[in-house]
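One chain comes next, on its own, written out as structure tokens in the form predicted alone.
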Amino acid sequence: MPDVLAGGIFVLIGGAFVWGALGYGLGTPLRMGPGAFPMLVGATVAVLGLAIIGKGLVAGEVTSFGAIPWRAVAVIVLAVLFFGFTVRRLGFVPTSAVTALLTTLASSRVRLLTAVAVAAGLTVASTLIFVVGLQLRIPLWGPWLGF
């Protein structure tokens, strides 16, 4: 059953991307619009989810999930909400650092020094990828910091 559940999650996420992409222009195959890539990725994820569901139904595996790590779930949800609500006013660098630190600390096995190192590495990597490489127009430091 874990495959069926995982496949269902893939189908839901892929379907959400497809549905969201419908609000944007798809364009043509030679001149793709802003909705083309999310549509293709969402459809691919949904099809993979259906394949995983099929595999799970054919295999018929039953596995116990065990206890749900509620602390980790809550911390990760809070980190994503924090990023979404503060990135424009706090800036990309500090928001990414805090978000990465929170998600790293979601695990009870991670020590603080390791979490800080991972957060620093993820912040540098995400800044290089999104702000420098993809040239997203997100301020590095926001107005809340007075820069």
Partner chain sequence: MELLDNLALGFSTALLVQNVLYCFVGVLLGTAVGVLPGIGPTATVAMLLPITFSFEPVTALIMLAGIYYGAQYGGSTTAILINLPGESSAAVTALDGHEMARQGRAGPALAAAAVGSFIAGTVATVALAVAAPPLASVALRFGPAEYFSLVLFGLIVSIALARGSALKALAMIALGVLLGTVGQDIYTGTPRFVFDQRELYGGINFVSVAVGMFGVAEILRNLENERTRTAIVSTVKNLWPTREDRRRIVGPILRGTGLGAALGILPGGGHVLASFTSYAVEKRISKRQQEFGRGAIEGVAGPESANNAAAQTSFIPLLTLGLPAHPVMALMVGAFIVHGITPGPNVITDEPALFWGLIASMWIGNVLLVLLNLPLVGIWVRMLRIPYQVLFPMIILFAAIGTYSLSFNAYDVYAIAFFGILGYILIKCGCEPAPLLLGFVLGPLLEEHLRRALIISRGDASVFLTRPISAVFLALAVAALVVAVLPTIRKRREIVFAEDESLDEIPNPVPPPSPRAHDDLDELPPRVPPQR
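Numbering follows the first chain given and starts at 1. Think of the rigid core as the biggest set of C-alphas that the two forms share within 1.5 Å after superposition. This one's a predicted model, so the numbers in the text were calculated from it and none came from an experiment.
The same protein also has a form predicted in complex with its partner chain, omitted here; what follows describes it.
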Query raised in the report: Does Leu136 reach its partner chain in the predicted bound form, with heavy atoms at most 4.5 Å apart?
Result: yes
Report task. Report whether the minimum heavy atom distance between Gly91 and its partner chain in the predicted bound form is within 4.5 Å. Result -> no
Query raised in the report: With the cut-off set at 4.5 Å between non-hydrogen atoms, does Pro143 touch its partner chain in the predicted bound form?
Result: no
Query raised in the report: With a 4.5 Å heavy atom cut-off, would you call Leu112 a contact of its partner chain in the predicted bound form?
Result: no
Query - Contact set, 1-37 vs its partner chain in the predicted bound form - heavy atom within 4.5 angstroms - result: Pro2, Asp3, Leu5, Ala6, Ile9, Phe10, Ile13, Gly14, Phe17, Gly20, Ala21, Tyr24, Pro29, Leu30, Arg31, Met32, Gly33, Pro34, Phe37
Query raised in the report: Pro139: with the rigid core matched between the shown form and the other one, does its Cα shift 2 Å or more?
Result: no
Query raised in the report: Rigid core fitted, is the C-alpha displacement of Phe130 between the shown form and the other one 2 Å or more?
Result: no
Query raised in the report: With the core lined up, does the C-alpha of Val93 move 2 Å or more between the shown form and the other one?
Result: no
